[in-house]
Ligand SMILES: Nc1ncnc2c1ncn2[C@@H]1O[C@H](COP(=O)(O)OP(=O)(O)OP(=O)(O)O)[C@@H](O)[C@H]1O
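Heads up, the chain below is alone and in the form predicted on its own; it's given as structure tokens.
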């Protein structure tokens, strides 16, 4: 584990509803290297956000992380299991060593407080600065994430910001304590294409400057080829494929990865007879009991074997794939 800052082993997160137990993440294992950008990709309902909320220990009742799951985080010269830590112990890690950019910045800031004070809040909570020092540091952070007139904008309330500017504010807040790991949960979903590119460029810039590791959650494969080092494809709470970003994009091995790539619009495709491919069906209901491959009902290469049992993960040349009939 010497070259890993995070290692997740057999992560299983279950929600105990009144009528049934729902497994949102099913025995998921992966790791994260220092200075690495890891993309976690899949449709809505694939378990991406729940996976990372589990890492942050932000799963509330009726949710539960299985006791045998391990979330090993490098703390100095030792590894600590975040799943065994108390809430008080996690407060030392959360927001300081591991930060998260949540999906909706407009819902993540308190509408009653000025943004400058909220950006510097983590510095105060972790005892790094006084209130005035935290505010001055917040002004510096706003300049670093390219917010114009940062001294004036720090006095704004959340409703006075555009979506792109508010996302920059959240990035500044997440970076305030110089975390070892930044989790970015679909930070570009509600933004236009130009602003998306700006936010990705900003995240890449700050990652290079600070050397932090990044887990980038998205449902859009088109965003990540030049942004991330490695890609994980999730479906129904399970890992489908994993490998270097360029390898996964140029040579997808799992049918689900191939279908995701086929559904990306290409320049000029609508001028001819080509139609945009759409994956048939939908992601399984979280409460649905699946005996075979999670993707079997939507897969064009599904066989009886796929429906009867869940394939294991095959590893070869740094690639991982969960499929009986992987296209190699």
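Numbering follows the first chain given and starts at 1. Bear in mind that the values here come from a model prediction, so they are computed numbers and not experimental data.
Below: the form predicted together with the named molecule, not depicted.
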item: Heavy atom of residue 17 within 4.5 Å of the named molecule in the predicted complex; value: yes
item: 4.5 angstroms heavy atom contact with the named molecule in the predicted complex for residue 288; value: no
item: is_contact(residue 160, the named molecule) in the predicted complex, heavy atom dist at most 4.5 Å; value: no
item: Distance check, residue 186 to the named molecule in the predicted complex, heavy atom within 4.5 Å; value: yes
item: Stretch 144-176 - residues with a heavy atom within 4.5 Å of the named molecule in the predicted complex; value: none
